[in-house]
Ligand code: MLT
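Have a look below at one chain only, the form predicted on its own, in structure tokens format.
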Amino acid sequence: MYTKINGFGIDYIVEGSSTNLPVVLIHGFPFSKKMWKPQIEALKTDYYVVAYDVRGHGLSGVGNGQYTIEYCVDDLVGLLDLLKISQAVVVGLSMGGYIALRTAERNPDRLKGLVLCDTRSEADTNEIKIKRALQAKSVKIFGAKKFANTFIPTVLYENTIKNKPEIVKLLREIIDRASPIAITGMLIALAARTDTSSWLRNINVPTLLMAGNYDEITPPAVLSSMKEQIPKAEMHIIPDAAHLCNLENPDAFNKHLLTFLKKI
């Protein structure tokens, strides 16, 4: 389904009964809601599942490419309003985690629970900001396909690449269809995001953290540090997975997610 939120086109899907606990899935950069297929299938029987494309991604609008994480939070809250969801369990992976964390800081009343996957609360270091700037420059010159060639190996465990070609194919298709304007715009937005670390101790809803054991972008130690600062947090490390642990090992991911949701 496609709707306008804050004047911006957002594409989303809903599965399950609206009388069930709402669970909202926010994907990572530069992917789309398609990356949540294993979770949608696992959740839709007992939960009201909402998955959407962050602005500039998937089937959502591209606009002028001038994005911020603040705008992404506005989109999430607007989608909750549209669907008449007062509170939801928000699940965010990587970039989705940044959006979820900023929502927890700005709009804590909209959260029933929080799931943070392969993400971090700190803002980018100067080194990472420079890296994102170089990536944006490369996308402008060479396009999305070359970016996919270099980016995908950094987010997947080497055994995933060898043994699960369907995942590589899915991610490549998503990136290949992405607008260079959107990719570069979101790279700049990620580099400019705020640091939410000081707010972690104020998160007062049940929180689950998960990380792939081979994730080099946001290693398990990063999430473990966050877990120590969030009062009602638990954490699980997903084996045989890197930065996209929900796709690389969906059985383990879904097991922990479902167990967590049953407690809410």
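Residues carry their position along the shown sequence, with the first being 1. Treat the numbers as computed from the prediction; the structure is a model and nothing was measured.
The same protein also has a form predicted together with ligand MLT, omitted here; what follows describes it.
Put simply, Arg132 is close to ligand MLT in the model of the complex: some heavy atom of it is within 4.5 Å. Using a 4.5 Å cutoff between non-hydrogen atoms, Ser94 counts as a contact of ligand MLT in the model of the complex. Residue contact check for Ile217: one or more of its heavy atoms lie within 4.5 Å of ligand MLT in the model of the complex. In the model of the complex, at least one heavy atom of Phe29 sits within 4.5 Å of ligand MLT. None of Leu171, Leu190, Ala136, Ala88 but one reaches within 4.5 angstroms of ligand MLT in the model of the complex through a heavy atom, and that residue is Leu190. Remark: of stretches 79-87, 94-102, 161-169, 174-182, the one touching ligand MLT in the model of the complex is 94-102 (heavy atom within 4.5 Å).
Along 228-253, a non-hydrogen atom within 4.5 Å of ligand MLT in the model of the complex is carried only by His243.
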